[in-house]
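Only one chain is included here, represented as structure tokens and corresponding to the form predicted alone.
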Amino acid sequence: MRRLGLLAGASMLAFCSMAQAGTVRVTIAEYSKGTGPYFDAAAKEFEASHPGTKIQIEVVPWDNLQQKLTTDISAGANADLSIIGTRWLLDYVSQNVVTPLDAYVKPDFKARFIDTFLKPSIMNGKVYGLPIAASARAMYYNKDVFKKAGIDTPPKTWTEFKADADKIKSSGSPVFPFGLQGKEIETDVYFYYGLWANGGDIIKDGKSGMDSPAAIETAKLYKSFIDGGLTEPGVTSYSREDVQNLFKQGKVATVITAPFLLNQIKAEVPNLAYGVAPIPVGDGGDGGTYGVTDSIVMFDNSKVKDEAWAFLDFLFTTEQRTKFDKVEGFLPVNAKEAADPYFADNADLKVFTSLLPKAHFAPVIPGWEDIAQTTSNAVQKIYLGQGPIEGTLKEAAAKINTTLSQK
């Protein structure tokens, strides 16, 4: 009996080993309440057509994702696949923790993608990730508030925007004209919209643009909105989600954010009279949107690379991409998906896609997260009136330049 038991144990170990060999662990960033259900359904559908392969989905809140990955990678306990911010990719490539996908990416697979979105994941001529999520930013505006203030069209320039904001306030409307984000993720990005409109850059010739005349003008402009009572009070207490909620509640007349707000409006406040317009440009025509991609990568220490790739191949079929992007409100990264009437005939989404030729992506440089945080800290200090504009920006630029010089 003892021998039988040992054999049974050995068999069980072998079985577990085989099962483990066919299990692909996938770490997923939670974008919305629909993220987990989508991936669970995709995993089941994949498993049904790939007997012997198990897909283990782990959903992580976006704000916790980077810290979790850092911890998991350090412990050698990372999943086989994970969603990451594309801006983190260079650090992972330099640390040799992600594997190039070129052995799997054949020409017909590569042809599925819109080049704009695949390009950020290509480094040193190698494909290190696939764009799982893509979006841009545009201005949402409340048509009723604009109409009551005697404004027929959304502002095309920041000068017009400031004038419109003054009109809205003068009309006696209780609605604050500009929903300005000043907390958490993309606080720095909100500042870049004005920076780009003033002809500035985040980094130019290897140096920070935070002490440039364009940055100073932008800080003065945003501060004038705050001091003039043209934004919601206490902007540094409002995250991206917070200002989006203010817009849905009719408490701010404008907000600059991503296409996923369209799904939220449709579900939560379908009667809201809103429009979508390009982000205002500078008087000289400078400007642009913030282009964002998140990538899904395969870790180099995966023992099930072939199975993991098979799941990636499945996720990036036109059918799966269309399902996911409809759930999340992202832009298509698949050329055939983009032709789907849901995307091709949607006037609001067309505004976002029309801005892509002038999209600015986060610079792919080591230490980008530190630089973005330094920028956010500086603009928060200015918004709060806790430091002079020029001095605060120069201090931030010096710190960023130090970060750049250390890489």
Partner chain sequence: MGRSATPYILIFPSFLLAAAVILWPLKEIVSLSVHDVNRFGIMRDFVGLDHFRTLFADPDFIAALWRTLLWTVSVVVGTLVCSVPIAMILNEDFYGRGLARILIMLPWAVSLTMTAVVWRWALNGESGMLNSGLRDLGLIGTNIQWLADASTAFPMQILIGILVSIPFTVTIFLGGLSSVPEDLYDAAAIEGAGAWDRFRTITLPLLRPFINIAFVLNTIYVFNSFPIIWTMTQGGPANSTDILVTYLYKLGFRLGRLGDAAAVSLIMFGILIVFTIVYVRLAMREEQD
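Values in this document were obtained by computation on a predicted structure and should not be read as measured data. Residue numbers count along the first chain shown, from 1.
Keep in mind the form predicted in complex with the partner chain is missing from the figure; the text below concerns it.
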| message | With the partner left out here, check for me: in the predicted complex, does some heavy atom of Ser354 sit within 4.5 Å of the partner chain? | response | no
| query | Does Thr236 reach the partner chain in the predicted complex, with heavy atoms at most 4.5 Å apart? | reply | yes
| message | Even though the partner isn't displayed, in the predicted complex is Ser49 close enough to the partner chain, meaning a heavy atom within 4.5 Å? | response | no
| field | Contact test in the predicted complex: Ala277 vs the partner chain, heavy atoms, 4.5 Å | value | no
| field | All of Lys183, Glu369 and Leu384 within 4.5 Å of the partner chain in the predicted complex, heavy atom check | value | yes
| message | Only one of these stretches, 320-328, 105-113, 228-236, 261-269, has heavy atoms within 4.5 Å of the partner chain in the predicted complex; which one is it? | response | 228-236
| query | Which of these residues, Asp242, Glu217, Asp166, Asp286, gets a heavy atom within 4.5 Å of the partner chain in the predicted complex? | reply | Asp242
| query | With the partner chain left out of view, which of Ala310, Ile203, Val97, Ile122 would have a heavy atom within 4.5 Å of it in the predicted complex? | reply | Val97
